[in-house]
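This document starts with one chain, in the form predicted alone, laid out as structure tokens.
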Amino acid sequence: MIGIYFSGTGNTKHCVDMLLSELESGAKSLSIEDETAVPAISESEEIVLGYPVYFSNIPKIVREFLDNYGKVFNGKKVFIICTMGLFSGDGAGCSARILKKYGAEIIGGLHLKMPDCIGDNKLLKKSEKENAEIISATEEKIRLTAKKIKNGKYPKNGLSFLHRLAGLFGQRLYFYNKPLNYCKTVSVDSKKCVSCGICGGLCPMKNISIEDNKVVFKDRCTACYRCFSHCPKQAITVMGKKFYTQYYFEEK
């Protein structure tokens, strides 16, 4: 068993790692950004695939990974983990439908609520205490899920037709193009920015560079909020226009 994930701010990585540790001692996880991820999938029979849900859909970086390397999932058993700030609809079903076309067997899906990382939108902001409670509840759900899986009972979150309707009419129909296209609204406040380069080093899309002591964004932002959440000067916004709070998951 191996875990393959995309995690902008650490939420999904934590959830994948925890489920793996509960299911199989020594099982490892790899980011889809890791060049060894595809060979690792080839060598494994069972895959735990994890990613955050954006507008009840797959992040563009994850969709591109599946489109580029879908064939390697042929004959594999895949369990899908989706993390969400509030609503996920058929988050797991979105990748399940793609993977089935490449011959994968979808053995289950799990939707997990984690603290929202969209820190330039006030809608889902919560206190540190509330976030800690969300994480604690999710960790308990992961432990219970692992026990059920060991008994051969896999949850099917996000995989039914009803889930698909919920995802479609709950969000995806109204924001369909957002996760399918690159984000065009990422920007930096030049008065705050000190051109430290942290954002460029963290960007999974290599979308950020420092040129003439200025941050330059290209056209491949996947809206993962990694740059936003780690900017020491809080100078970046991604989809919103005003900074409210930063969040990224830190392992204890």
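The first residue of the shown sequence is 1; numbering continues from there. For clarity, every value in this text was computed on a predicted model and none was experimentally measured.
The protein also exists as the form predicted in complex with a small molecule; that form is not presented, and the subsequent description refers to it.
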| query | If you check in the predicted bound form, is residue 8 within 4.5 Å of the small molecule, heavy atoms only? | reply | yes
| query | Given that the partner is absent here, does residue 108 sit within 4.5 Å of the small molecule in the predicted bound form, heavy atoms only? | reply | no
| task | Classify residue 86 as contacting or not contacting the small molecule in the predicted bound form by the rule of any non-hydrogen atom within 4.5 angstroms, answering yes or no. | result | yes
| said: When the contact criterion is heavy atoms within 4.5 Å, does residue 171 count as touching the small molecule in the predicted bound form? | reply: yes
| query | Based on heavy atom distances of at most 4.5 Å to the small molecule in the predicted bound form, which listed stretch, 70-78, 130-138, 109-117, 150-158, is the contact stretch? | reply | 109-117
